[in-house]
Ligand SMILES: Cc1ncc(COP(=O)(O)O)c(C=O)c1O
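Quick heads-up: it's one chain on its own, the form predicted on its own, in structure tokens.
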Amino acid sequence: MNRLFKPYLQAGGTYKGGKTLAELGTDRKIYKLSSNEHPVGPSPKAVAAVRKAADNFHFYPDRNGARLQTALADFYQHQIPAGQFFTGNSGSEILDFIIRGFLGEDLEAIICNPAFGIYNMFSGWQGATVKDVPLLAPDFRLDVKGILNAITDKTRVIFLTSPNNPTGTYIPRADLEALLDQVPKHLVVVLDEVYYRFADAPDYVTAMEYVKKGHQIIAVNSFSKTYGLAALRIGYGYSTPEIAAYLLKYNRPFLLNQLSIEAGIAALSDEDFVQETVAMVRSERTKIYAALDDLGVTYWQSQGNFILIKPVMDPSKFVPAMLEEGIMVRAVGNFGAPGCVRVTIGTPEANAAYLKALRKVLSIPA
């Protein structure tokens, strides 16, 4: 091995996302329910802002994310000041900032599979050791005791996701508080809450109140899910004044392009669009539960815009069979959920097509 290269970076994996419709190379009608994208399209206010900004491509963008941070502080009703927000090109880049800021060789991170693979991959890119404390079967509950037992003097980051991708489950308030009350001060807890707007459990909680109390917790968010801006790659995080100031050091000049800045600011004001999105997803989610019950398909109730199922057919056969019926779905064995498939909640039309295809592929009589 070339001594010039970092061995842990060479050994690291690469993220394998779901295919785009363009990659399929077909003119057939395909319902893409594999990537948890917005079911309808982007925020109209964001689209209008992008069109207006397109007249100024010859100018450099804002030097930093200050205007978007201010808009975020407004959106969160000034529970924390703008300086406690930090922005980046997607939620994944926010995670990258955190991982580069707190992890490195001879340090450790804790993940809880099934989980988003970026946590493990990006941590490995920094030479960190990753410990897995799996979610508890059968309902994917957080193993608070297991996490606490896995912490060592080298632990610097604990990755949590609520609602969790790919399971759709969430961390109840009592479990999160039990963990936060016992973790030592030499680490940070990262709460990835990119699906939080879809959650309706009475004991669901975001990181905001714990940031306000001074816990060493960092929230990660995205404009991809409820605002429909996945292609623009806009993400943000928030934390305590000390942690936010530290992570803002990664805010290199002209980090965000102008289209992303303008779209993000406009989207934050498009609350009617978000409310309509959330209402549709929650309504369709309930309808799909009833259909899956009728079909006898194993699934887990979700707080996100997707549902995890476990078909009787192996995913290696199930996924292509569904595609033949015009439905793209995602096998999530690589997320730590072998035998399971994640299906995005789409429009009523898309969901009806999905359930029809599901019945056919699994040979369930009508």
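In this text, residue numbers run from 1 along the sequence as written. Nothing here was measured: the structure is a model prediction, and the numbers come from that model.
Form predicted in complex with this ligand: not shown, discussed below.
Contact with this ligand in the model of the complex, defined as a heavy atom within 4.5 Å, is made by none of Arg63, Phe97 and Leu255. Heavy atoms within 4.5 Å of this ligand in the model of the complex are found in exactly one of 241 to 249, 193 to 201, 264 to 272, 291 to 299, that being 193 to 201. With a 4.5 Å cutoff on heavy atoms, Phe116 counts as touching this ligand in the model of the complex. In the model of the complex, at least one heavy atom of Gly91 sits within 4.5 Å of this ligand. Shown alone here, Arg233 lies within 4.5 Å of this ligand in the model of the complex, counting heavy atoms only.
At least one heavy atom of Ser224 is located within 4.5 Å of this ligand in the model of the complex. Proximity to this ligand in the model of the complex, defined as a heavy atom within 4.5 Å, singles out one entry of Asn165, Ser260, Thr155, Thr277, which is Asn165.
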